[in-house]
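Given as structure tokens, the chain that follows is alone and in the form predicted on its own.
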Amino acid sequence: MNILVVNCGSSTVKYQLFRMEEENGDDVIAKGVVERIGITGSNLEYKAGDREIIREREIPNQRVALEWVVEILTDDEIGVLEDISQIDAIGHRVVHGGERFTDSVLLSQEVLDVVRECSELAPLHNPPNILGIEACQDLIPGVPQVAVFDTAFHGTLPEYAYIYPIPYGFYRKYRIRRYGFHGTSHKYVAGRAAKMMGKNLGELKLVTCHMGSGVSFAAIKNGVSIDTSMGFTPLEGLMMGTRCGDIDPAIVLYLMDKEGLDIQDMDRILNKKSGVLGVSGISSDTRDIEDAAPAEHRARLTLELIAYRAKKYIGAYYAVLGGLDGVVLTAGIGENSSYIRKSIFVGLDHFGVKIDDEKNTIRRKEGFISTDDSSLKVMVIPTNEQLMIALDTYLLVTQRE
């Protein structure tokens, strides 16, 4: 079965084409990304086997981007499909499924209507997700499509973990609660961690740390998410590339009053101008911050904040889980920054963990970075959300048949 996985963002479309076979597992036969949608310099990256190309073309929207993806996949010279009829199913990343969806689902008009309703909770993410779904319905009609929700894995949070201490009527009226995000990533790396440790996931206590431009941690007990750092929106929790994470909510009111800011102004500050960028004044990319740290105080401060806040969440989840067997680091920072990884665990010897400097040099591949005698295992595991989407799509479509 050929499954096309689509992840539509506001200015990018990431895609992977999987060949899924029950006997032989999965195989990525093509992948790539369309970038800079709606702005100048749009381009498409395409990789298939030993072929790798980059082409430029003006792309005004996600539909045109997906038309280009289908065109490349079926190209006579470099394509991997004879025509689009060889695509058997499509899996879509959808950021917010609200309380309605706690698992992946086959797409229908009813499901799409609910996703559209949830756009109010994820205004930067759900609308382009919907555009991708509708474009695929038009371009590849009649093919089953599946929605895989970022929020779904955290649908197991207990009520006391997802309810906010504001008047309960707001939850009833607006469904204001902790939803959590990056669920597909947390689910994938937790499963891989259990295999690396040679243990049953259902018996483990793990903290999974998705550390990219967006950052979220999850407390996973016996394979189930029981707490997570992102909340009603992806703004809460850890310090991120341009997002503030946890702050005193009174700061928002204070700044709006002092600076004469409206809601849109404040939203831009919290989501686009804070975090790593806001503290450092240099960049939202931690690679730039690490380069600047020897000479710049604010760069060093930024790295200290990242490590300190990560340490606090790991400690909190240790308490919530009643112990801890392993910590997983994933996504751009988690997979690549040996400096930040080590900084997080400095001073946590009493947790039974010590980082092995040589092991900690690994990048973009699985491995333990804790010493062999550490009772708490620390692992680096590259995330693979696309594979999880493909697997869920395969299972739902084959069950349907």
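Since this is a predicted model, take the numbers as computed values, not measurements. The first residue of the sequence shown is number 1, and the count goes up from there.
Beyond what is shown, the protein has a form predicted in complex with adenosine monophosphate; the following relates to that form.
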The single option of 287, 312, 173, 297 touching adenosine monophosphate in the model of the complex, heavy atom within 4.5 Å: 287
Between the options 74, 213, 102, 119, which residue brings a heavy atom to within 4.5 Å of adenosine monophosphate in the model of the complex? 213
Heavy atoms within 4.5 Å of adenosine monophosphate in the model of the complex: which stretch among 327-335, 159-167, 189-197, 93-101? 327-335
Are any of the heavy atoms in residue 57 no more than 4.5 Å from a heavy atom of adenosine monophosphate in the model of the complex? no
Contact of residue 51 with adenosine monophosphate in the model of the complex (heavy atom, 4.5 Å): no
Spell out, yes or no, whether the shortest heavy atom distance between residue 365 and adenosine monophosphate in the model of the complex is within 4.5 Å. no
